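Starting off, we have a lone chain in the form predicted on its own, written out as structure tokens.
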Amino acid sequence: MNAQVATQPGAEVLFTPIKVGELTLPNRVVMAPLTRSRASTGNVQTAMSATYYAQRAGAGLLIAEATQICPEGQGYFATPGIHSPEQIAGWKLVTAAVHAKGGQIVLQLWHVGRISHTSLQPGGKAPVAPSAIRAEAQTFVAEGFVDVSEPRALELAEIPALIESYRQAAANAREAGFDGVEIHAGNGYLIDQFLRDRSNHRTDAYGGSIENRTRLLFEVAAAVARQIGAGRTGVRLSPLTSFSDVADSDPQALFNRSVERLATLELAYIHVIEGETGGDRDPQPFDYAAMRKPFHGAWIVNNGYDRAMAIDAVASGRADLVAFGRPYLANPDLPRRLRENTALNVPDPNTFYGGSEHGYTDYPALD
């Protein structure tokens, strides 16, 4: 196929280089983090995952799937970690394969908080959360989807060790060959649970006011940035999602202040899920431009973007990069398909979580 003929006017805007912190990316197409539950015993990545990511190395930036920073951070079966030597070694297979294809990859650092089950926790203990409030949500265990377990509230004295787990995980990610990290502060997981007044009923320095509820986010980001450099650190936020049973009485004020505080750290990027995670893009009024205003790093947008929407977002200056999730499951060569405006493979939902190469590494590229 002649790419010059197939490329529609405007598509080239997605394929211009951009500087994102310390990274220079060849295009504006980002692979969003996608949980696939294919880690082996010990939550270690394998050569199969190295193949999967290497197939997708044409993205301007790959954001590897959410990866637990400590044993207590796990909430789903067979998700990878970055806290043991074996896990670091497994991820080295992935980063080496991506770099061999000329790609750049960062790791999403994850602590699920209350979105977990006792069967996944060390010693079968209760998951931790800002407050002892059980989520109306489910998680994925060896037997399938089950209701999450009742959490316990983190004690104030435990929070410094939690922040240290994020710092150490960032150091481990760099040891594993990642070009940077993304702190997962969205989708109703631990940091997001601290942000929202529905899930955070604390009365100490990490609860109550917006300033207190954004404290953990800021302190984690600051610790990670000190460890690996602000220019290799990003943060993911999801202001309007109700995923994992989170909500806030004033999301605009909360996330405006969250970004304002993060802006002082001069991070590489902020990655925003617009609207409901994987759903309605406009569940309620929200001014993303106001949220973005204090931040001068790269701005990545996500949620239901197609080719035309992505072109418009970057061409208008509303975003610097666009992250694609579900389209990347079945289209390892997604940037080429976007550039040439060709049809996309359709992913098989039966293979999203767990399994073998089928539905993972066997989707065909154009050639």
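Quick note: we count residues from 1 along the sequence shown, nothing fancier. Only a predicted model underlies this, so the values are computations on that prediction, with no experimental measurement involved.
Only in words, not in the display: the form predicted in complex with P-hydroxybenzoic acid (PHB), which the text now covers.
Asks: Which residue, T51, T35, N341, T46, is the contact with P-hydroxybenzoic acid (PHB) in the predicted complex, using a 4.5 Å heavy atom cutoff?
Replies: Residue within 4.5 Å of the partner: T35.
Asks: Can you pick the one in Q104, Q121, N187, N200 that has a heavy atom within 4.5 Å of P-hydroxybenzoic acid (PHB) in the predicted complex?
Replies: Contact residue from the list: N187.
Asks: Find out whether any non-hydrogen atom of Y353 is located within 4.5 angstroms of P-hydroxybenzoic acid (PHB) in the predicted complex, and reply yes or no.
Replies: Yes, contact at 4.5 Å.
Asks: Does the 4.5 Å heavy atom contact test between A66 and P-hydroxybenzoic acid (PHB) in the predicted complex come out positive?
Replies: It does: once P-hydroxybenzoic acid (PHB) is placed as it appears in the predicted complex, A66 has a heavy atom within 4.5 Å of it.
Asks: Are all three residues F15, W299 and F324 in contact with P-hydroxybenzoic acid (PHB) in the predicted complex, where contact means a non-hydrogen atom within 4.5 Å?
Replies: No, none of F15, W299 and F324 comes within 4.5 Å of P-hydroxybenzoic acid (PHB) in the predicted complex.
Asks: Tell me which of 94-102, 212-220, 126-134, 187-195 has residues with heavy atoms within 4.5 angstroms of P-hydroxybenzoic acid (PHB) in the predicted complex?
Replies: Going through the listed ranges, the match is 187-195.
Asks: Since the partner is left out here, which residues of 94-117 would have a heavy atom within 4.5 Å of P-hydroxybenzoic acid (PHB) in the predicted complex?
Replies: Only W110 sits within 4.5 Å of the partner.
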